[in-house]
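Only one chain comes next, encoded as structure tokens, the form predicted on its own.
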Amino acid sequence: MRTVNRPLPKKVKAEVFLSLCIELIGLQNSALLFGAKAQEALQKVIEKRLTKVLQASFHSQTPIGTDNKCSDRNVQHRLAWSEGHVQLSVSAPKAQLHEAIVQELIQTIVSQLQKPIKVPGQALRLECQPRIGYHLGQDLSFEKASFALRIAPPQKQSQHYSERSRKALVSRLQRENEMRQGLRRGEFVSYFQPKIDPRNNEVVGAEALVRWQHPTEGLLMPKDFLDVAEQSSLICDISQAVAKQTVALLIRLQKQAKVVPIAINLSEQDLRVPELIEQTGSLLKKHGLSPRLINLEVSERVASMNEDDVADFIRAVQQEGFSLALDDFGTAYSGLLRLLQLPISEIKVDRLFLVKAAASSQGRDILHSLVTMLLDQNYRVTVEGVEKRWELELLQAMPGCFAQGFYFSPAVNAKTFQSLSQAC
């Protein structure tokens, strides 16, 4: 990739600088596919389009790469290629270059770069999907523009740099480091929320929910750390810790002759790493425990992943003999469809249906019809979020479904859960 490095002249005392780092998705491998000459020609097309945008935006008739003479003689711009990205800079007085102008400029750049480009010597046209990171301030900084591009969500076309974003990333990295240390020290512990048969209040299972026993902040709930874990590989390490602690509890329950199935929640990353399933299966076999004692729970959002991405996971689940549960059923559009595509054996109905049942007779009819339909199709059904007496009574009128929620018990530590399960 050729590089043209032309910094803004020092003699220009601009009040504000705009730095843009433009990624051209769709053109990255043009040299490999069509040769260096074709790539250079494609770059010239990009430069020409950017020139037109800037000339139209700032009324300049001078090509990029020279000392630009704008109509007001106060706006200058430069372009360079660096590691497959376009670096574009503009300097101007604040009155002529503010956030609203920048947004309009970026929209025009995106529109122009999205137009198909003919490949020289080929009967082909390439489509480019630009992504732009930018910084607007008193300094010219492609490093900050590049940082903004790196942290931008994949679906977002442009992202501005801010100190708040930088500090948030530093904070997240610090939290990740704390979590790695916490995993090594065994600070992540499993709590278990009982699953109840509403007809007799018997404990028929549980769900393992992770907590972080932080050395200075106390017991932290998932909302305090799972988002950070899911943005890194740490979520897989946490899932492994939960799985090992769950098996350890099952071993103790087996010795007391009152063992019940326990569910483990899996993230999107867990579905891409079948080793977790294989390791947990081996651990169960080592202690003579049935794989049916582990229920693997996936949310509708996770379950809606591309089938090719979860194929290895599904094979591992079936090979090890685990059962699969669909969590938060009813919170996403794909629920019923995924029932036909995944080997689901249990459905966990979201509390939303209980809330709707409280609001109207129509809501109660919908909940009753849903549970009845799922039971008729031989799914195990658990209604989540039971918090009130009348909600329990409503479920008692639906024989065959289970219940889970604070009305019965919050998630408790392993020792307390042993006592609860033995008392029933």
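All of these numbers come straight from a predicted model, not from anything done at the bench. From 1 onward, residues are counted along the sequence shown.
A second form of this protein, the form predicted in complex with a small molecule, is not displayed here; the remarks below concern that form.
K.L.:
Of L124, A311, L173, M221, which one comes within 4.5 Å of the small molecule in the model of the complex, counting heavy atoms only?
P.N.:
Checking each option against the small molecule in the model of the complex, the one that comes within 4.5 Å is M221.
K.L.:
Though the small molecule is not shown, can you say which of Q193, Q76, T280, Q245 has a heavy atom within 4.5 Å of it in the model of the complex?
P.N.:
Selected residue: Q193.
K.L.:
In terms of non-hydrogen atoms within 4.5 angstroms, which of the given stretches 234 to 242, 113 to 121, 92 to 100, 78 to 86 touches the small molecule in the model of the complex?
P.N.:
Among the candidates, contact is made by 234 to 242.
K.L.:
Spell out, yes or no, whether the shortest heavy atom distance between R211 and the small molecule in the model of the complex is within 4.5 Å.
P.N.:
R211: contacts the small molecule in the model of the complex.
K.L.:
So in the model of the complex, does any heavy atom of Q159 sit within 4.5 Å of the small molecule?
P.N.:
Judged by the heavy-atom cut-off of 4.5 Å, Q159 is well away from the small molecule in the model of the complex.
K.L.:
Examine E346 and determine whether its closest non-hydrogen atom to the small molecule in the model of the complex is within 4.5 angstroms.
P.N.:
E346 lies outside the contact set for the small molecule.
K.L.:
Hey, in the model of the complex, does E387 get a heavy atom within 4.5 angstroms of the small molecule?
P.N.:
Close contact exists here: in the model of the complex, E387 approaches the small molecule to within 4.5 Å, heavy atoms only.
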